[in-house]
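Shown here is one chain on its own, the form predicted alone, set out as structure tokens.
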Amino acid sequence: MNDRLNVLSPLVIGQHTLKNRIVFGPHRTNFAVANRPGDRHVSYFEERARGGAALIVVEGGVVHPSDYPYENAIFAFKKETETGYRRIAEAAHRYGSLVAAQLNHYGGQATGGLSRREVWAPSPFPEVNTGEVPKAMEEEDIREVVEGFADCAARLCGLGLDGVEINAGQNSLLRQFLSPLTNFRTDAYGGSLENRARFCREVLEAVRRAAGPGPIVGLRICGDEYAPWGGLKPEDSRDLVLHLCGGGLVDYVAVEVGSIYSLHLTAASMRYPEDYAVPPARLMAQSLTVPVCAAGSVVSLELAESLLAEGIQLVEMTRALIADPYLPVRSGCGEGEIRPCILCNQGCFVHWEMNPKLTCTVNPRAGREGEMPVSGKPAARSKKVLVAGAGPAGLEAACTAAERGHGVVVYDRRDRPGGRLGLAAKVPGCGRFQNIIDFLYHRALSLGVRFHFGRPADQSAVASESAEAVIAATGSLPSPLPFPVEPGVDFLISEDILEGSGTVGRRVLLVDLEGGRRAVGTALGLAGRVVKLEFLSPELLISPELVPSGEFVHWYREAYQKGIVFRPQLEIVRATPSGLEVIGSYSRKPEHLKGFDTLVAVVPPTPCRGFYEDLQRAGVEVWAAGDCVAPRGLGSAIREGRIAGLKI
């Protein structure tokens, strides 16, 4: 890539000039300390500014005390937040990036559990995801919130921020007023388009007056709620924005999608096309005179370039910049391969009750920029390092050790890199997993790492390589079955299906004892090959681990379309040639399932620690990483691989 890319060209926005068209959009991080931006925020945003993002929009700041949407929200309405906001702006300005603060009120999409008071919304109808009934806002409440937006805008712009963004998109009170799906008022703030837009228009007018003509004022809008029976459709959102943008109130419009009935589409996973959220932005770009920013899942420069060619002027590449903060710089100078975002939603999707801090599956430094260096210090002495395993942990470890000057060789029993992740990449809709395998493998080769495939690491390999240090990334194997399988049962495990080494009959019963993605991948791999496929689980719901990443709804729809039959809440007693003996997880009622040819089991993995423990006993310098330590997710494997590479 080079500087002739349109995405790297400057853009005048209001009274400011962006150095390129790449936006690091607002997203929840859970980094706040005492509801204030802290050191972690500063390091995080500074890294994206150093990497070349033109506009950084800080996550939604709460504008009024009636709103307490999640534990680690930023309370922009409190003056105690000013130091943190100022530090973020100063850090980003050192690299020529502009900074805007998103301002928001969650409205009925918040919960009273934290605030111990009622939540506010346009109408007193239960929120579809929480069931909480909000208070219908009175006009005095509306005036208070308008003043809250204006006060925050004035203070933050006065601190040196370049502008603010008003959220009328996902998770916002303003969208709830704009949408007939949630606004059933009969006063001046409900009914017609003009009435539903009145609150948002009043906010924009007050913010513009308070901030003045100089600062940027952006508007984030929901382009499609995916609720055609009553929600905003693209044409509706376009008409609303045309009404709201009159009179120079707005300098740009960011368009996203998804709402209360489509939370899984607010930040869709790899199972959706990269441009799934773009159509409403295309429509608005044809009608608006201010720049339109396309949001959603844009992670490739190729898509960004095509959108600019269509008339969209800004591209939000948030998840891509979490994965590689230096994407803009790398694309301009052509130096260094871009670490790919794989849209897995496993580290950056933090909208759940545990309030995890944002991380990134493929970038172990994301959210820990102040703790983990960009590259490790050169080793005091170059060592011969053997890495056992070419899965994600082993590949990251090899790259890190080689970067620091060690001579690295990798052994793996398989005939290709990737380990078990390579199997996941074969699942329909999950091909992006291969992208991170390819990135790490090619990076390792460029750093001079040698590979021996088809040969597992053992002590003879350590001796023949004269290895002075070893990193054990030997992964995991399926656990033993927790139920007996009698002779005569046609039985396979999920790895047999994903590797293509097992032959199944026409009627398959899949038993999921894990609750995650491997069973889903196995089922999807079987669906087109068999006449009947039943999916059995002892859990209350099938595949509960897909909820945090936003893949749950998509999986259920896909299973329904493919004719997969769900059988939850059943525990297996034993498998016999005549069928499967089960018992209800809650009813404790026994049942005998018949009519299947092949039983396929998905069992939890168990770590392969033998090689690591043997070397420990032999007194060899050895470090463990990934599933060899304990089977977990891809992010843990890559993070521990990097840490192991830094320790030698």
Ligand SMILES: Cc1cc2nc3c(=O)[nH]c(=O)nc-3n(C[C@H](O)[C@H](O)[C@H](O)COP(=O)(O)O)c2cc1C
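Throughout, we count residues from 1 along the sequence that is shown. For clarity, every value in this text was computed on a predicted model and none was experimentally measured.
FYI, the form predicted together with the ligand isn't displayed, but the following is about it.
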Might Ala393 be said to contact the ligand in the predicted complex, defining contact as any heavy atom within 4.5 Å? yes
The ligand contact at Phe433 in the predicted complex, heavy atom, 4.5 Å: yes
In the predicted complex, does Ala424 have a heavy atom within 4.5 Å of the ligand? yes
According to a 4.5 angstroms non-hydrogen atom cut-off, is Leu634 in contact with the ligand in the predicted complex? yes
Three-residue site Gln346, Gly475 and Asp627 fully in contact with the ligand in the predicted complex at 4.5 Å by heavy atom: yes
With the ligand left out of view, which of Arg220, His406, Arg518, His105 would have a heavy atom within 4.5 Å of it in the predicted complex? Arg518
Partner-free chain; cross-checking the ligand in the predicted complex, the single residue of Arg238, Arg196, His264, Arg420 with a heavy atom within 4.5 Å is Arg420
Tell me the stretch among 606-614, 619-627, 59-67, 25-33 that has any heavy atom within 4.5 angstroms of the ligand in the predicted complex. 619-627
At 4.5 Å, heavy atom to heavy atom, what parts of 98-133 sit next to the ligand in the predicted complex? List them in sequence order, or say none. none
